[in-house]
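For reference, the chain that follows is the form predicted on its own, supplied as structure tokens.
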């Protein structure tokens, strides 16, 4: 008899279950509006699509070296010099199959089974589930509005022992909050002093509203930085990310990449070279301007739903909302809302295992008219 391993019994990523239900709703009613996924509703920039077409017709697109094509690694390294003013060598860059695969490589390369890794709660659920599946112990840092939903040195000092690693995301998913540069520097120094590997999730950099995103790379080369073309570059399905790795982890991560994936998709690597062009940036900044308009619309209209408590969305494109006046079971409530209105929302239990039953995440990266329509439907539904 076949028995699945304990690693295969990981918790579901509930958002994906909502997406599946929303797809069924679209087939049956044709009225689904997805506010549940963190996926831009726009295609990759025109220069990226042109580069992909040229690569498909003119290149072999076979395996690349495990670390990624040199030109792309150089482009990514150069981006850090331009955006943050810090020198990064192309040898520090490992191109991965999305930041998710990059995170798996880091966990495998840096931690032993049983090592403790601290994460924020609320936080991105796949990080928790990946750590548990790969044998790590998860240490929750219960963050809230008093620290802008970001970890602090005081929280780390309060732990009974220093963890082997800390995962920090800024802008955060699901809250959208950005850690202050001074606080990030303090956390980075604490991690270095306590032999704790800081893993800085920076995949939403480029999408912010008046606050500056600092990179952990500004405060030394001892941290791991996760990057991706998925969010700002509007290339989720292209599955291309990268790691900035401290020297001791570069060779182990390269060897793991060669065994587990061989390399990131060749066509995505070729196309991503154009993602860092001036022409692409102009198009992408136009998307960010739309996200900003959507954010203003959302902040203006959320009180119509009785929602007055939510995390300040400094960046990314999420609102983390307290719906305790409407439910104490966010999973059931989101399912009921989808059934009644066709609007798909993400239940808070995905992101907060302790308090997520009264929270929900709303994504505002889609079309402004659709967002307004969804809010209209929600207003009518809640008023019933």
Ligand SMILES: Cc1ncc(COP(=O)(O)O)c(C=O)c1O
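Nothing here was measured: the structure is a model prediction, and the numbers come from that model. Residue numbers count along the first chain shown, from 1.
Same protein, other form: the form predicted in complex with this ligand, not shown, and the subject of what follows.
If you check this ligand in the predicted bound form, you find a heavy atom from every one of 127, 203 and 228 within 4.5 Å.
Interface residue among 223, 215, 177, 99, judged by heavy atoms within 4.5 Å of this ligand in the predicted bound form: 99. Site annotation in the predicted bound form: the residue of 234, 257, 120, 173 reaching within 4.5 Å of this ligand with a heavy atom is 173. The partner is not drawn, yet in the predicted bound form one stretch among 248-256, 203-211, 188-196, 105-113 has residues with heavy atoms inside 4.5 Å of this ligand: 203-211.
In the predicted bound form, this ligand sits within 4.5 Å of a heavy atom belonging to residue 239.
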